[in-house]
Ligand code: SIN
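This document starts with one chain, in the form predicted on its own, laid out as C-alpha cells.
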C-alpha cells in the first residue's frame, strides 16, 4: 500500500493484488488491505499439507480470514490451532471444562461486559504475545455483534517519514492490570496477585512477512519508555487514533458457526456489544507467539 498526502489529510492508494492463485481453497477479499473469506474447506476434516499452507498464506496476505458454515468440536478447534503452533493460555479469562487452552466467549442479558469491546491486540501485555486468535461463534444475535479488524501495516505506512524515524527504536509498556483485574468476577474467576506486564517495540517487524507494523493499542499500552510522560501521552493518543482509522478496517458480520482467525502481530480488533439483551457465545483458541522485535 502506498500513501498519498493532501492538504486535508492522508489519501490512500492500494496496490493491485498480485498474489499467486490458490489451488485448494477460495479467497474472497473483504477490502483491498485487510480481511478475506476462505471457502472450499471443511475444518472438521483433517487438512492436507497444501490446504494448510494455503490457509497460512491467506492469513499472511489478508491479516484476518473468515470461515463460514463450520461445524467443529472443541477438540477439532484445538487441533486446528495446534497446526499453527503451541497454544497460548489466557492469564485471566474462563475456559471450557478440561480445556485450559479453550477460552470462553460469552455475553448475554445478564453480562456486565462483553469480550473485546475496546480496540486491542490480544494479550499484548505478555512477554511473548499471541501469534493469532481463532474465534468460533456458535450462537450469535439476530442483528449486531460484528467485529472490526484494523491493519497495523496500513497504520504504520500512514505515518510521516519524520514520525517513523522518531518512533524507530522506541519501546512501550503493555500492562494487563487494568484490563483484567475484576473483569471476570461474574464467572466466579478470582483475581491473581498480578497480571502480565511487558516492554515491546512501538514498531514491530512481522517474523513471516518482514513488514513493519504499529504495535501499540488502547487496551494495554500505558506509556512510551524514555520520554516525558506528557510527550508519551500525546504520542500514544495520536497513534491510537491512527490505528483506529476506519480506512484501515474491515467489518465482519457473524453468522452462527462462523470462524475468524486473525494475526495479532499486525491486527487490532474490536467487538461491538450492540446486541443486548441477545446472546453471543463461542470459544477462542489462541496460538502462542514470540517476543516482538
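Residue numbers count along the first chain shown, from 1. Everything numeric in this text was worked out from a predicted model, so none of it was measured.
Although it is not shown, the form predicted in complex with this ligand is what the next lines describe.
- Within this chain, residue 176 is remote from the site of this ligand in the predicted complex, having no heavy atom within 4.5 Å.
- Although the partner is absent here, residue 262 lies within 4.5 Å of this ligand in the predicted complex, judged by heavy atoms.
- Within this chain, residue 122 lines the site of this ligand in the predicted complex, having a heavy atom no more than 4.5 Å away.
- Using a 4.5 angstroms limit between non-hydrogen atoms, residue 93 is distant from this ligand in the predicted complex.
- Only one of 48-56, 239-247, 31-39, 264-272 places residue heavy atoms within 4.5 angstroms of this ligand in the predicted complex, namely 264-272.
- Checked against this ligand in the predicted complex, the residues 102, 214, 135, 172 give one hit for a heavy atom within 4.5 Å, which is 135.
- The contact with this ligand in the predicted complex, taken as any heavy atom within 4.5 Å, belongs to 116 out of 219, 196, 130, 116.
- Annotation for 144-159: the only interface residue with this ligand in the predicted complex is 147 [heavy atom within 4.5 Å].
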